[in-house]
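Okay, here we've got a single chain as structure tokens, the form predicted on its own, with questions on binding and movement later.
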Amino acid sequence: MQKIIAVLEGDGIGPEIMREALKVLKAVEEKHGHQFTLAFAPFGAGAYFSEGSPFPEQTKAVCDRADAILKGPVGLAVERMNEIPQEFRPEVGAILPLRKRYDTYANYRPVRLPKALAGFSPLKPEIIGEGIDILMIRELVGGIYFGKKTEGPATGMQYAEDECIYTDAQVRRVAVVAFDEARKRQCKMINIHKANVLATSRFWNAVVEEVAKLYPDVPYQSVLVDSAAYQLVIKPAMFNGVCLLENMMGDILTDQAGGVIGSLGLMPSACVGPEKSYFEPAHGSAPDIAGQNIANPYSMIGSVALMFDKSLNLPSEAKEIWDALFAVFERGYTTSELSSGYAPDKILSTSAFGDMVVAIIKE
């Protein structure tokens, strides 16, 4: 296979964890005889300071030519971020335009914690039970994040307004993704919403339930988002399967899920569009630990695994990466943010973690 991969290293720990992800990519490339051309381009807060834009035109051109995009986390320390006008901050000026440009409407976030690794979670082992294996699918290009935003005086009083709109087509296509994944995994599909209050949620539910009729073999469940937030902490395994969420609710609950399994460093993600997709860690750029070689590269490496599966259609190579990632932990090693109770010689640096994943793949 020959493919062009756009590499957007991002800010903070982005370049460090991307380096380890590319080590793994290279190991799989050599093992299976693939050929990947890497095209690096600036993106994020650092790109604003160096190029005048967080998503420069040359970066758009690189991404347009690429078959898939690997993206690191973006953002700098608060003091530096305060120097950037609101419209040029990475979230508004880079991430949302990237999603819109490639219509990456389906966000996949696997939440996995085997029983053997229950110690990573802040929850009691008996709550983790036999383990957590949830695929959260979040709609990514609609809803309140993409709606019209208004701030200003109204009848003499200050106000702000965020518009939340979903169309039938937007809901239907992401629902099909979620049901297809549940069918493939032979598991239930849980629709999470706020239909007791929000008109958009009632509309969302009506469309999802129409789609559900096309999947009579997939067990279907509907859960209010506040109840889901509570149950995710009390009985996380009840969500084992596929969960479908709209944009803002998905943003919040997927981060909560990272807390349940012990770290956002264990949360890779895929942002999938009809023609092109990008792959990124779900966590931030952690500028406070940048350059110290202690960041956990699991999420960035896991994002490479998702790229092999969802964009390159190479599920066997993806499985090799997942197996190697979990093998590192199963052999008794960890990274600093998960290291409570571990001996110092079992705590891996960013680069040592990547090296071990590569070594296991080559075994």
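We number the residues from 1 along the sequence you see. Fair warning: this is a prediction, and the values are worked out from it, not measured in the lab.
The discussion below concerns the form predicted in complex with a small molecule, not included here.
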Exercise. Only one of 207-215, 185-193, 137-145, 172-180 gets a heavy atom within 4.5 Å of the small molecule in the predicted bound form; which is it?
Worked result: 137-145
Problem set entry | Complete contact of 112, 305 and 319 with the small molecule in the predicted bound form (any heavy atom, 4.5 Å) | no
Problem set entry | 132, 253, 106, 282 - the one with a heavy atom within 4.5 Å of the small molecule in the predicted bound form | 282
Exercise. So which of 95, 232, 272, 76 reaches within 4.5 angstroms of the small molecule in the predicted bound form, heavy atom to heavy atom?
Worked result: 95
For this session: Give a yes/no on whether residue 91 approaches the small molecule to within 4.5 Å in the predicted bound form, heavy atoms considered.
Result: yes
Exercise. At the 4.5 Å heavy atom threshold, is residue 99 in contact with the small molecule in the predicted bound form?
Worked result: yes
